[in-house]
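Here you get one chain, nothing else, as structure tokens; it is the form predicted on its own.
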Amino acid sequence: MATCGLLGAKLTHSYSPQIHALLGDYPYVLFEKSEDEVEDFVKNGPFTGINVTIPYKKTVLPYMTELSETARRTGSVNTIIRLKNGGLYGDNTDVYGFTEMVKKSGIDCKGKKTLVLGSGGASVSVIDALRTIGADPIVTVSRTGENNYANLDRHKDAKVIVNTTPVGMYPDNGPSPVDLEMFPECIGVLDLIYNPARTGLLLQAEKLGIPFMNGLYMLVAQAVRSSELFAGEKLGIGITEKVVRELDFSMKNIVLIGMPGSGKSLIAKKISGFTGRTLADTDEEIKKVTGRSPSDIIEEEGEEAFRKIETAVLADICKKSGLVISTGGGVVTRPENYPLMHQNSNIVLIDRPLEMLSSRGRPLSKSKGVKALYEERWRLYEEFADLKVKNSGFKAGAVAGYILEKLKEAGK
């Protein structure tokens, strides 16, 4: 059986094995190699076909005996096939992947001034695709080039912005390579990063009402083309969309918000049991970090001190992927918590009738009163939520199943 895989320097967080498991019936192995190991591995490694990622897409070029026109044109190889005669065929499926991403996004690049942020290996494929699409002019922005981050004001008329840098990528979530308010004519933002689902750049695009797309579609589309090369046959129509939906659902966290006593913790446990997702409870994580319960912190230091701790814990948990997360009832009271959750999650509001909520063991519910808390927070819950689900005496398992069903439907 053919052995395929991925060659790169650091592959711990790669989604390629999950993608290829959905595409073909072949083993897909992660091959982490140092730079001085690459030549021997490419020439003699135990593979019939491999993908190549950062930082070796140009490194492998001299070892190819044949190149596709795209690989030759870009000087970048991300797919290698071992030929029957022992030679190596190098192709570049990133160009195809990015072209499909642009089509899917609906962002019209033709005749539009387009800024490509970054001058690394990914940018050459993006630029090649943009030329074919008809973007014009195309401006590459780098740290030290003629067009750099210190003179971006000369390009404030840019219509489309494409990020090929790792700025904002997990685990360094949050930062953005540029401030989109510098580009008042921008009509679209494309970010090759797919983890988190919404980088700092895309969160700002969303806030400003600018159409945007992350790099998951490109990742899957290029993998589909690679898989066809590995297997020597075409895959079915619609396979890219199908795999993207499955990955998007499995990668995004499910975050439960709602009033204290609404059933978030129990429902989260049920979702974890149904799906195998790791369960995270922000109140429990706060206990681990501080050695004290939320109620103790609130009573000893006040609510504001507790909220700062909660935000720090939330930032750490929510940048991860594929979790089910139960939050404290007041998590919506700090606006900065919304982008932390929204960056990589589906946020689900558990709506339980006021008369069914208890204040037992909850200092804020006792001091302010459940009704006052409800009136103070309800608008915020609805603003944060992607999905609202009733929990009016139903069994937790039924509510959990309904949530999963609705989130899968939304993905379609």
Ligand code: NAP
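Quantities reported herein were computed from a predicted structural model and do not represent experimental measurements. Numbers follow the displayed sequence, beginning with 1.
The next section is about a form of this same protein that is not shown, the form predicted together with the named molecule.
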Report summary line: Contact with the named molecule in the predicted complex, heavy atom within 4.5 Å, among Gly90, Gly118, Gly200, Gly188 goes to Gly118
Report task. Quick one: from Cys109, Ala280, Ala122, Ile297, grab the residue that has a heavy atom within 4.5 Å of the named molecule in the predicted complex. Result -> Ala122
Query raised in the report: For the chain shown here without its partner, which stretch in 242-250, 311-319, 284-292, 136-144 has non-hydrogen atoms within 4.5 angstroms of the named molecule in the predicted complex?
Result: 136-144
Requested in this report: State yes or no: in the predicted complex, is some non-hydrogen atom of Met218 no more than 4.5 angstroms from a non-hydrogen atom of the named molecule?
Outcome: yes
Query raised in the report: Contact between Tyr194 and the named molecule in the predicted complex at 4.5 Å, heavy atoms?
Result: yes
Query raised in the report: Is there a heavy atom of Ile54 lying 4.5 Å or less from a heavy atom of the named molecule in the predicted complex?
Result: yes
Query raised in the report: Given that the partner is absent here, does Asn173 sit within 4.5 Å of the named molecule in the predicted complex, heavy atoms only?
Result: no
Query raised in the report: What residues in 163-182 sit within 4.5 Å of the named molecule in the predicted complex, counting heavy atoms only?
Result: Thr164, Thr165, Pro166, Val167, Met169
